[in-house]
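Shown next as structure tokens: one chain only, the form predicted on its own.
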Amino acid sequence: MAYDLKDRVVFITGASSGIGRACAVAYHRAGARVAAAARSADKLETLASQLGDDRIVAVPMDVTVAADRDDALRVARERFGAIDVLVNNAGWASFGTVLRIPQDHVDRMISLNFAAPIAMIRAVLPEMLERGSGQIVNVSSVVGNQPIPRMTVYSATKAALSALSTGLRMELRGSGVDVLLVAPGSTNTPFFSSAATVDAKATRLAQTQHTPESVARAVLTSSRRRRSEVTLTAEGKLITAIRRVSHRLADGIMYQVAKRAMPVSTSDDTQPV
């Protein structure tokens, strides 16, 4: 059965720009009531003003901070009621080898890309189970299926999110709660400009194939059709299929991709943005 989004309460993390913002617009246009969450209050207020009605609320928060999560969810529930759809979209990357990435970058990627989605899921899942209805939408990445050198730690956090989605889907089987995983490829968002550059620049990766709006359409379609897993790019689908046949071949391909798309850099821009 299709999932009717009209008047559903949708909570989206990382909603101030990029894929998260596009998802907020897409769900709102589909008739949902949207709680748009991110650290940038100004950008969220601009989004709410542009959409311009009572079906969207800006909820500033740092998703890695428990008190912020609690406050944002309280505001969303007071405004709209219980959460029907959670979109875990917020994420961050540091480009560099495992050896060179600072520990605080590792900690931040694990916290934002993996631990925070778990915390958000645990915060909204009980009410979904009580109703026997709801959706958890996790925005992963193609590199969660096939890692790429010098994005190894980021790839690992997205692989962990993918594994979480699969295991949670099995745990919730028959509960009425869907667990959806969407894996975009390179997308034209502030992601690359906000990432830290330790010893590599994602030059060709930043020459993107997708717009945030096209990814948001895929998220919305997955939500409506209750599609459990979606990989967006043809290249992403191909490398995932190759990996099922030969890990060595897939690794070799991604090694060559990394040589062309992520050349070694001497930049010392190692501070999280």
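Residue positions are given as counts along the sequence shown, with the first one as 1. Note that the structure is predicted; figures quoted are calculated from it, not measured.
Not pictured, yet referred to below: the form predicted together with a small molecule.
Quiz item: Just one of A160, L112, V177, I121 has a heavy atom within 4.5 Å of the small molecule in the predicted complex. Which one?
Solution: Exactly one residue meets the criterion: L112.
Quiz item: Want to guess which of 240-248, 48-56, 216-224, 63-71 is within 4.5 Å of the small molecule in the predicted complex, heavy atoms only?
Solution: It is the stretch 63-71.
Quiz item: Counting only non-hydrogen atoms and a 4.5 angstroms cut-off, does F80 reach the small molecule in the predicted complex?
Solution: F80: no, not in contact with the small molecule in the predicted complex.
Quiz item: Do S194 and the small molecule share at least one heavy atom pair within 4.5 Å in the predicted complex?
Solution: Judged by the heavy-atom cut-off of 4.5 Å, S194 is in contact with the small molecule in the predicted complex.
Practice problem: Find out whether any non-hydrogen atom of S94 is located within 4.5 angstroms of the small molecule in the predicted complex, and reply yes or no. | Solution: Result no; S94 lies far from the small molecule in the predicted complex.
Quiz item: Any chance A90 has a heavy atom within 4.5 Å of the small molecule in the predicted complex?
Solution: Contact check for A90: yes, within 4.5 Å of the small molecule in the predicted complex.
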